[in-house]
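Have a look below at one chain only, the form predicted alone, in structure tokens format.
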Amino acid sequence: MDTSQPLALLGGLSPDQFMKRHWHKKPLLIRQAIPGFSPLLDRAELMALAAKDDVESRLVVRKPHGWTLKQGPFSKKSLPPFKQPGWTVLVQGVDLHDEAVHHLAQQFRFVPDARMDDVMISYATDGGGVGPHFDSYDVFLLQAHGQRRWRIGRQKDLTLQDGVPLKILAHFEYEEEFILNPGDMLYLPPLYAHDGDALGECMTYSMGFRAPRTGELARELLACLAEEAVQVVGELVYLDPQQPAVTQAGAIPEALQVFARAAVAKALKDPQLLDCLLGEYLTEPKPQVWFESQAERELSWPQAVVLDRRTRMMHDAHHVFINGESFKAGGRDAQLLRRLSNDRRLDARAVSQFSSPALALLSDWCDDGWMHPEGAS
């Protein structure tokens, strides 16, 4: 992608301009970001996804006495009548289950894949919504069907209502109001308060970009580091031949504290190890994702390949990461694998340039269902 070229998706801004002016800074309303856009799944197809065990879904109902929230899956009989106003079904990770929605998400790859969470589709009857709230992540809200009225504002008071199953602002004050039609899109940075109400039946696609929190990241990386600790720091035994007799047996020896700190410092000393663990963490598939084995498929190289839509593949200067695994790569193989990570496909000519060990790795990925010969499902 040429990030200097204007995009209709961004209202005529280039990705460079959008990231500099709006990303993480201020909202942007884009009329006809995708002209003539219509739902990529109809209502029946979306509800069929909401009925699956491996799809995360929620039902939010607004009633005169308050709000209710239920977790899916939802059978058709468990949903309110479509003529009943004030309810919403939210289906997460639709890009993992539908190829057209996956391709829609690819249009936003001017933002690093490491930040992309998923595409959520919300279906709402008249008056449906989830109340005034704020998100801790960047989001693009694309109207797919019907109309939705958005009220937004720079909310300073983030106090939430008590006794409500949703995180609804107690004192919402909006500054701007927009009505979005199919093809219109609204970008909101983190912590920007918003409230969307369906004006009749509507569908909205939310492209969410989450950022890991320090505590979450430290917990995950340290947990992974713990598994590698023996290989990293070895099995050196604590020795204290100069330990004197003590009168306070409960006191931890200072030398043992120094020994422990040195062990942890040694484990943290290798920046490449932490980079490797980060890449594995960022590409780990979500819990509900699973791949179908394609080991019975016969492969003949070279041929064009494409990553499965559920596959997460990234790279850094020294490694290639795919679905929670890491590989050291160098030379031409590394260049081609990084290209695969960036483009999510390689033509047959590029595949023909891989070394034999790299082709064997590609074969394993195809067998595991992480990648497919182009044109194969």
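Numbering starts at 1 and follows the sequence shown. As the structure is a prediction and not an experimental result, all values here were calculated from the model.
Although it is not shown, the form predicted in complex with a small molecule is what the next lines describe.
Which single stretch, out of 130-138, 103-111, 262-270, 159-167, brings residue heavy atoms within 4.5 Å of the small molecule in the model of the complex?
Stretch with heavy atoms near the partner: 130-138.
Can you tell me whether Leu90 touches the small molecule? I mean in the model of the complex, with a 4.5 angstroms heavy atom cut-off.
Judged by the heavy-atom cut-off of 4.5 Å, Leu90 is in contact with the small molecule in the model of the complex.
Please check if Met120 has a heavy atom lying within 4.5 Å of any heavy atom of the small molecule in the model of the complex.
Yes, Met120 sits close enough to the small molecule in the model of the complex that at least one of its heavy atoms falls within 4.5 Å.
Using the partner position in the model of the complex, report whether His97 sits within 4.5 Å of the small molecule, counting heavy atoms only.
No, no contact at 4.5 Å.
Please run the contact check for Ser206 against the small molecule in the model of the complex: heavy atoms, 4.5 angstroms, yes or no?
Close contact exists here: in the model of the complex, Ser206 approaches the small molecule to within 4.5 Å, heavy atoms only.
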